[in-house]
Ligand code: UTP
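What follows is a single chain, given as structure tokens, in the form predicted alone.
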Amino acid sequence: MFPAAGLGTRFLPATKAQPKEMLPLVDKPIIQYGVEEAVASGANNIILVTGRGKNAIEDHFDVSVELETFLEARGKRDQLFEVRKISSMMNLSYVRQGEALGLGHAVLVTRDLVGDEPFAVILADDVIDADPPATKQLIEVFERLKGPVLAVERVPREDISSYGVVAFEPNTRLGEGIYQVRDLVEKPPKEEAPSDLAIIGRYVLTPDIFPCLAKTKSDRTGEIQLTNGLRELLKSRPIYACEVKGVRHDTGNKLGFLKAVVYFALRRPDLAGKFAEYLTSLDLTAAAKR
């Protein structure tokens, strides 16, 4: 499931009339990277949690008869293939969040659609280039340990207060980069953070998270935090953390978004050479002084 009901205020005015999830990294919107990762990880049923003003996301993953007819008539086969692939790669369902009341609430509103199955949560802002895909890495840990798995990444202490953070029990038997979670803390001050392992935007969860979220109280911002629901779940079952092997871009902020654009452009054979040539021609010293 993909929470996509946020207002995207960090990117105003660009997101005044379009969802931030539809901002393009080269020629694909941010959210498509996440959906393709989910499909490559073996998920073929996708739930999008949307809200007011998010119709562009639904339109993007829908069939566009007019566009396909136009491309076919013009003989644009490569573009036609890419457009058709978007709408045919998975089964898609939508649920409206109504109000953006936090990640925990976004997960909770999918309860009837998810049912009694384990499920993955993907935050599209975190675009992760990994092989195997990041979600697949978590699924493999889930299948081995039979418990919920959170993706984590080591971050500098000065940045730790922007994340949920895990305290963990050392256990070498779990495997390299796998930890048993002892506690979770939402955005702690850096001097109080229990570790430098920050939770990033991938989770594989079990349906018993739903009753935990249902009784989780809103925080001081009025939101239901997924971290608090997981703390409740931790009372009844083990939860694990997995350091994902890959390159993560936080496209939820402007600098992270710009870095992601450069990164993915340089990985494109049709763009890399000329784009790299352009970048090396820039006078970055002069630009930094402006």
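The first residue of the sequence shown is number 1, and the count goes up from there. Quick caveat: nothing in here was measured; it's all calculated off a predicted structure.
Keep in mind the form predicted in complex with uridine 5'-triphosphate (UTP) is missing from the figure; the text below concerns it.
Comment: uridine 5'-triphosphate (UTP) is not present in this chain, but in the predicted complex one of Val165, Leu103, Ile128, Leu205 has a heavy atom within 4.5 Å of it, namely Leu103. Proximity of Arg10 to uridine 5'-triphosphate (UTP) in the predicted complex falls within the 4.5 Å heavy atom cutoff. When uridine 5'-triphosphate (UTP) is considered in the predicted complex, Thr110 lies well away from it, no heavy atom lying within 4.5 Å.
Gln97 belongs to the set of residues with a heavy atom inside 4.5 Å of uridine 5'-triphosphate (UTP) in the predicted complex. At the 4.5 Å threshold, heavy atoms of Ala5 reach uridine 5'-triphosphate (UTP) in the predicted complex. Just one listed stretch, out of 135 to 143, 153 to 161, 175 to 183, 120 to 128, contacts uridine 5'-triphosphate (UTP) in the predicted complex at the 4.5 Å heavy atom level, and that stretch is 120 to 128.
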